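The data below hold one chain only, encoded as structure tokens and taken in the form predicted alone.
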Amino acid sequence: MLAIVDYGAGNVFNVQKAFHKLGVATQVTDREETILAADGLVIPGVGAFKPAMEILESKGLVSTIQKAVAAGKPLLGICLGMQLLFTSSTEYGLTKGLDLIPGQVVELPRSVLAAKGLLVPQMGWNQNRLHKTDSMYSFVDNQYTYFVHSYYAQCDETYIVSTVDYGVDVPAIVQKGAVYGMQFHPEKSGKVGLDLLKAFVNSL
């Protein structure tokens, strides 16, 4: 069973529906015992970093998630859920994240993007470029996935599985050990998105 961490974030239903389509049992929960007993964790999310972390803190979920990862539970963060995996974010002021992957989440550079005729947020399909050929997600190379975001992660190349070009190199899939993040929405990315979720499930 997968525990989908419940912290009031949007898009939980679509994520749950995607796993259901794959025949994977899920439970939306904020209970520590359920999360720690699950085979793996998913942190979905649509929204802003600072209020999301405030809710996770108020529910005691920060320590629960960190405890689950320390115990070796695979974790997948999606969109905002991926951003929360990092050390900190500058969105609405410098805010500490879950600190499961070293790095900082910053706003897409509006002036750089504007000079290239690009808007913030990045909204729509973009093509992945693979950085790690030994990743279980290596089939994402040259595949298009669906993005909606105004902030992006800056981290060491060590943790980057794939990127997309949106005026700057945007990490699309990241990994540290059994902690994975997808900046895009796999549940909205058609067959390739479902295949990515299936690869995560197969790693449990």
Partner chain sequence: MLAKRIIPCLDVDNGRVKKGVNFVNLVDVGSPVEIAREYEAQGADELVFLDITATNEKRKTLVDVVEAVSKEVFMPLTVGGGISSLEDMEALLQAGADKISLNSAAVAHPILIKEGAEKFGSQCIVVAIDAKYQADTGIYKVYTHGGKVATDYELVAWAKKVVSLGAGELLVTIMDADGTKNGFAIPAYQALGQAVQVPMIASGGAGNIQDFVDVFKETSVTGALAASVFHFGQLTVDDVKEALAAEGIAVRRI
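Here the structure is a predicted model, which is why all the values come from computation and not from measurement. Numbering follows the first chain given and starts at 1.
The next section is about a form of this same protein that is not shown, the form predicted together with its partner chain.
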Item to check | Location of its partner chain contact in the predicted bound form, chosen stretch of 161-169, 133-141, 64-72, 27-35 [non-hydrogen atom, 4.5 Å] | outcome: 161-169
Checklist entry - Would M123 sit within 4.5 Å of its partner chain in the predicted bound form, counting heavy atoms only? => result yes
Checklist entry - For Q127, is any heavy atom within 4.5 Å of its partner chain in the predicted bound form, or not? => result yes
Next on the checklist: My question is simply whether V46 lines the interface with its partner chain in the predicted bound form - judged by any non-hydrogen atom within 4.5 Å.
Outcome noted: yes
Next on the checklist: I'd like to know if L119 sits close to its partner chain in the predicted bound form, meaning any non-hydrogen atom pair within 4.5 angstroms.
Outcome noted: yes
Next on the checklist: Is it the case in the predicted bound form that I101, Q104 and K176 each bring at least one heavy atom within 4.5 Å of its partner chain?
Outcome noted: no
Item to check | Heavy atom contacts to its partner chain in the predicted bound form at 4.5 Å, residues of 136-151 in sequence order | outcome: Y144, Y146, V148
